[in-house]
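Only one chain is shown below, in structure tokens, and it's the form predicted on its own.
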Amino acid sequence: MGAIELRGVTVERGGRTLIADVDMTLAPGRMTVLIGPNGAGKSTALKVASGVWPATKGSAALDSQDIAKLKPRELAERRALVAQGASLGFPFTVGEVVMLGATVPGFGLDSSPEIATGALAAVGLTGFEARNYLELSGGERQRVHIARALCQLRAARRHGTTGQVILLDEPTASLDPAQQTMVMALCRSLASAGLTVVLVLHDLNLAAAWADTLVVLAKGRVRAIGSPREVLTDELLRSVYDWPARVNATPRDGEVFVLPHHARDMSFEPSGAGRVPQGE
């Protein structure tokens, strides 16, 4: 349980088509990573999958249930979202921010403080409960919001909720390499525990190293779905990003990684393909 299916999803806003005819299945027990250039529609697809935005056309379902028809409490118990650039402008303590995931009025979720403590430990912020959120660095704030999402899901699990989903939009953008690894390892552990884990990433090598499934979007449409080895090719990256890149494989285990394929003294003139923003 916990599978999300988008079928023929189109989103139109302000006279623009942000994504069109998007089909994808986000499966439990797997890390699915959405990649693509700026304006490709990654965040839009994530918002539809999370139930934050409705589809103009098509359908989004969680275990065959229309996400748009789920009650707020049902949705809160089943899925957590960490939006891109999530932030707060109030001097809450870190513990208070994390507990927002479990204390939404009417949800009736378990609000025991130890849930927040455990969630903070999972993101490497043990002892931060009394710190002022506004005094944290950008990377620390990002990890606090991931802890808030964990707190939400853990509180629901205490009531017996299963088939949960966590969706994260650029969760590693403000993090140093060690913190990136920690967050990605956390996502892997969640997937191994049976959750549906969905991320938007710009770092192709991070996506290649950790994803079970890559979904490549460009100009609001799905261009490819598959494993990193299946999806990441020189031709696809050139077409999608309008960027000369070379896909390589490590000698030890054949893991793929991406290098830019132009040196400092080489001229690079983007053709403009894939540069028209449709919606992030």
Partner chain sequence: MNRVDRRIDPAASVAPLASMPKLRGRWVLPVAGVALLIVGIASLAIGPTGISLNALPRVVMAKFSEIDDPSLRREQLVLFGIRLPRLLLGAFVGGALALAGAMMQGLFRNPLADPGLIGVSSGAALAAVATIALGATPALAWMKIFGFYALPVAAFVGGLVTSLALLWIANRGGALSVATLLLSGVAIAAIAGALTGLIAYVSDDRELRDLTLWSMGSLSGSSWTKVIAVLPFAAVLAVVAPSLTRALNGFLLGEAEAYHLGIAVEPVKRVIVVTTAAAVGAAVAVAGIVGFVGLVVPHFARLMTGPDHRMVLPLSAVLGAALVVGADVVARIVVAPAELPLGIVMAAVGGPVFLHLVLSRGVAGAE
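Numbering follows the first chain given and starts at 1. This structure is a prediction, so every number in the text was calculated from the model and none was measured.
Not on display, but discussed next: the form predicted together with the partner chain.
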Is the gap between Met182 and the partner chain in the model of the complex 4.5 Å or less for some heavy atom pair?
yes
Please tell me whether any heavy atom belonging to Gly160 falls inside 4.5 Å of a heavy atom of the partner chain, as the geometry stands in the model of the complex.
no
Against the partner chain in the model of the complex, would Gly101 count as a contact residue? Criterion: heavy atoms within 4.5 Å.
yes
Are any of the heavy atoms in Ala76 no more than 4.5 Å from a heavy atom of the partner chain in the model of the complex?
yes
Partner absent here, but in the model of the complex, which of 222-230, 30-38, 236-244, 46-54 has residues with a heavy atom within 4.5 Å of the partner chain?
46-54
Considering Leu81, Ala191, Ala173, Leu204, which brings a non-hydrogen atom within 4.5 Å of the partner chain in the model of the complex?
Leu81
Could you pull out the residues of 57-94 that have any heavy atom within 4.5 Å of the partner chain in the model of the complex?
Pro72, Arg73, Leu75, Ala76, Arg79, Leu81, Ala83, Ala86, Ser87, Leu88, Gly89, Phe90, Pro91, Phe92, Thr93
